[in-house]
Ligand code: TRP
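Next comes just one chain, in structure tokens: the form predicted alone.
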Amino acid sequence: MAPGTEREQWGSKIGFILAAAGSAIGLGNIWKFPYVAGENGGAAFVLIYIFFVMVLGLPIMIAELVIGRHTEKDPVGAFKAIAGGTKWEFVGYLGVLTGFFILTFYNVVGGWTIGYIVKSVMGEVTAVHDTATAQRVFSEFSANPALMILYHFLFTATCMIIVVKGIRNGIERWSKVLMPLLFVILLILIGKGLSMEGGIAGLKFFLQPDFSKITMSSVISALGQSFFSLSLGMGAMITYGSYLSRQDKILHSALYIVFLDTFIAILAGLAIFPAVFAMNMSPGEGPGLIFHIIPVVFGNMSYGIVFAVLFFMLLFIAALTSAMSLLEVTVAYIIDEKGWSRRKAVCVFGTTIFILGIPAALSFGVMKNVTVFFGNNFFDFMDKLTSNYMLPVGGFFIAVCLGWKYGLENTIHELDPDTRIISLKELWAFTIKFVSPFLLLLMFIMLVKDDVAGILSGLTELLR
């Protein structure tokens, strides 16, 4: 931070909670959670997911907020403060780099939501009446290089405009508007889905567990989804925590954030599955559930244009609130460590993210057949690199550094204002020291095992 510059703080508790919840609530909740739940049996998967949110996500989130407020620094500065002069400083750099890399493809998906808002307004979405047509429309849309770059630019520029205004006037102010709006839109869509003939079958699929459908792969998917959904391991919560005042209660705030994130994911399932079942479509459609199926739903309902616009506005809001927090991680690092002004940091690195994201924007068109690593195009490679490796590794080392290197006795006082029940703090300390590292390491081993098996299989095919 530049000499003599006073660090910004959140203007209110609710502003921080909505901003942090907005960071966690993103396309992973609205787009990814429903299709992963659909692929893994519905309600039983949801229960396992909630279990991992509580035993893994919540403790790691508390840890990140504790580190942030304790040091009042960006992720790099935070780990320099608690592990200065050691190799553990790399954890902070990993967090900043992870958020930066994610934005190079995440902003592209955010651009898709703008494109589909436009398509919805023009009536193109509701003109689709079958999944084959919906797939063709999306393929043609994502293969258009000019549109992909334009929408990628518009989404990135929107994010930059908000972040350049700072914490109170930018991120906090807009989060107070966007998060309630997201909630209202979801409620409207839930009401519409449940009113459709056959919608109750989707409700039963999502709420009545059938554990016979659960496999070990489902459990690993639930563990991964709980971690990635909460935006952990990338320094976002450390950065947001650094703007907390000493009067803010970390434990209470973390509980609110985790509850809102999980609640929105559940609402997304309630909005999507009744509509999918009402149209006699498969809940296990996969990643194309939103762009291949939802347009068909809107194309076969009354006032479809209105609901299509609302739905893709919802996706846009979810993507934007997360992208804002990721850009803030990089911006906070540059302001704190390099002494740049906020405007300069946002302009330089926002522009850099846009330029580096162009290959991802073109990965479904002119660069579709350009592979980066073992058959992955640029978009898929960056997604897999960050989601499967950088995030869990970051979360693992955050827990290990706080629990074993720096020592919980140096930071647990940050929770003193939160509760007088000592056992709750002791439970968090035990979890962050033993349970969280074990679960994250287990997840990472399973992911590596699957990836290595896939790579060896691919090499075997090439050698034949």
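Small disclaimer: the values here were computed from a predicted structure and weren't measured. Whichever C-alpha set is largest while still superposing within 1.5 Å between the two forms counts as the rigid core. Numbers follow the displayed sequence, beginning with 1.
If you look for the form predicted in complex with this ligand, you will not find it shown, but the lines that follow are about it.
- May I ask you to check whether G28 falls inside a 4.5 Å heavy atom distance of this ligand in the model of the complex? G28 belongs to the contact set for this ligand.
- Item | Non-hydrogen atom contact Y106 with this ligand in the model of the complex at 4.5 angstroms | The answer is yes: Y106 has a heavy atom within 4.5 Å of this ligand.
- Query: If you check in the model of the complex, is N377 within 4.5 Å of this ligand, heavy atoms only?
  - Reply: Close contact is absent here: in the model of the complex, N377 is far from this ligand, nothing within 4.5 Å, heavy atoms only.
- I293 within 4.5 Å of this ligand in the model of the complex, heavy atoms: Taking the distances in the model of the complex, the answer for I293 is no, it never comes within 4.5 Å of this ligand.
- Item | Candidate stretches 323-331, 295-303, 180-188, 125-133 - the one whose heavy atoms come within 4.5 Å of this ligand in the model of the complex | Going by heavy atoms within 4.5 Å, the stretch is 323-331.
- Message: this ligand is absent from this chain, but in the model of the complex, do F51, L56 and V258 each have a non-hydrogen atom within 4.5 Å of it?
- Response: No: none of F51, L56 and V258 comes within 4.5 Å of this ligand in the model of the complex.
- Message: Can you work out which of A275, V163, L232, A308 has a heavy atom no more than 4.5 Å from this ligand in the model of the complex?
- Response: Filtering the options by heavy-atom distance leaves L232.
- Item | Answer option from L244, L391, L97, I353, heavy atom within 4.5 Å of this ligand in the model of the complex | Of the listed residues, the single hit is L391.
- Item | After fitting the core, P34 CA displacement of 2 Å or more between this form and the one not shown | Superposed on the core, P34 moves its C-alpha 2 Å or more between this form and the one not shown.
- Message: After superposing the rigid core, is the C-alpha displacement of A265 2 Å or more between this form and the one not shown?
- Response: Yes, the C-alpha moves 2 Å or more.
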